[in-house]
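The chain below stands alone and is given in structure tokens; this is the form predicted alone.
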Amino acid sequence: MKRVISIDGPAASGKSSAAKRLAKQLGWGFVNSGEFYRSVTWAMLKSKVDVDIPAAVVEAAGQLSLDGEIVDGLSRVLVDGDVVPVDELSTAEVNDAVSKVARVFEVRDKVVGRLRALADAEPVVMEGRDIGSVVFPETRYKFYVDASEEVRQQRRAAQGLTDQISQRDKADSQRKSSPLKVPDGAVVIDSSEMNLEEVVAAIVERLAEAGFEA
């Protein structure tokens, strides 16, 4: 059986940092599912696909070769056989377009397949927005890291990002395909007044209570 710890949550909740730190602590692979959606978005923007037209996104997704691998404990994305430069995935253009691309079923279906394949090779801590609800609903270890909208907006600003958290939340929660929600059975952790070490410690504590063994 695949060994997966899922950590879901909205943008800037701290889920990515917590998942990465936890994976390193456990010696497991860390998978950032958002980088897959951002990579698809980046590739489409590079190819001049009009991401405001779902049909255009569907057609482009069908032609795109998408793969992933875990190297030195960290996932990386390959599009058409080439590793996608991580520093190009957080541009304003990608930030503005990623929700439009990620809402398309054909894109999510392609990405979910690649995410599941990564867990075939080794145990993983995987973060995202539908990991515990759609990608690995059968995993025993599900977490949902949240924070207040104000705190999350402050975190985005500190990263130099100007996108509006409320708009991203609405897009992620209202999309028809795999909307953002608390997975059934997930432990909810509010990181609003917690630092990274405290969030990870809270996850480790709940894992121990659940009988987890690395």
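Residue indices: 1-based, along the sequence shown. Source: prediction; values computed, not measured.
Just so you know, the form predicted in complex with ligand DC exists too; it's not on screen, but the next bit is about it.
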item: Site test, Arg38, Ala102 and Arg168 vs ligand DC in the predicted bound form, non-hydrogen atom cutoff 4.5 Å; value: yes
item: Contact of Arg155 with ligand DC in the predicted bound form (heavy atom, 4.5 Å); value: no
item: 4.5 Å heavy atom contact, Gly34 and ligand DC in the predicted bound form; value: yes
item: Contact of Lys181 with ligand DC in the predicted bound form (heavy atom, 4.5 Å); value: no
item: Non-hydrogen atom contact Val125 with ligand DC in the predicted bound form at 4.5 angstroms; value: no
item: Candidate stretches 92-100, 68-76, 137-145, 117-125 - the one whose heavy atoms come within 4.5 Å of ligand DC in the predicted bound form; value: 92-100
item: Within 4.5 Å of ligand DC in the predicted bound form: residues from 129-151 (heavy atom criterion); value: Arg129, Asp130, Ile131
